[in-house]
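As a starting point, one isolated chain is supplied in structure tokens, in the form predicted on its own.
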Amino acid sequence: MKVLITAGPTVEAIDPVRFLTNRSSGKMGYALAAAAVKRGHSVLLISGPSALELPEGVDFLPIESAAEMYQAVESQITKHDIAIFAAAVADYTPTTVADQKIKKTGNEMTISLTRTKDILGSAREVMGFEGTLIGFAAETENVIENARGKCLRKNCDLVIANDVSRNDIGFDSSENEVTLVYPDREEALPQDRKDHLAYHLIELIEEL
């Protein structure tokens, strides 16, 4: 099958030298891409900036901003059977980007932010994707409830939820512990290395 996977953070420019981003390392998305290739699938990895080595055998489309991620996914998603959105995409981006470095002039500075386009929420109705749709929910509270809400609102076949408030899993960690949240049920998986977990997740997604 043809699998599209998003990974890593996005970078939202404030001026030529500063930006807003998040703590995503891309490890889970890259591990999923590597596992999907090992399982014999054709993989397109769309990733924000990451220090990780590109998995062997994947097609790669690098992006920086949430807008670039949206455009890349929109242009490619209907060519694929499975779409897995593991990237941590910014919810908001600076309304304007300064042409020059912003100088320090006072004790406070206000930055106006504008909401970014919802990539996962646009996959079905806007982009016309009819394949298997997988989302991720990185939560710090009410993990299962928030993940199920995302799953139903965005017409996902599965949302993979994890608690990123924990220091031993999630962002920057080589391990993760997730709960599979389907529209009608959930299944908790034990903590494991991200590469082992990714292989198991690809097997489960194949069954969908």
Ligand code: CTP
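Residue positions are given as counts along the sequence shown, with the first one as 1. Here the structure is a predicted model, which means the values were calculated and not measured.
Same protein, other form: the form predicted in complex with the ligand, not shown, and the subject of what follows.
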_Let me test this: is every residue among 90, 116 and 150 within 4.5 Å of the ligand in the model of the complex, going by heavy atom positions?_
yes
*asked:* Taking the ligand as it sits in the model of the complex, is residue 154 near enough to touch it, meaning that at least one heavy atom pair lies within 4.5 angstroms?
replied: yes
*asked:* Using a 4.5 angstroms cut-off on non-hydrogen atoms, would residue 131 count as touching the ligand in the model of the complex?
replied: no
*Indicate whether the ligand has at least one heavy atom within 4.5 Å of a heavy atom of residue 77 in the model of the complex.*
no
*asked:* Can you tell me if residue 138 lies within 4.5 angstroms of the ligand in the model of the complex, counting non-hydrogen atoms only?
replied: yes
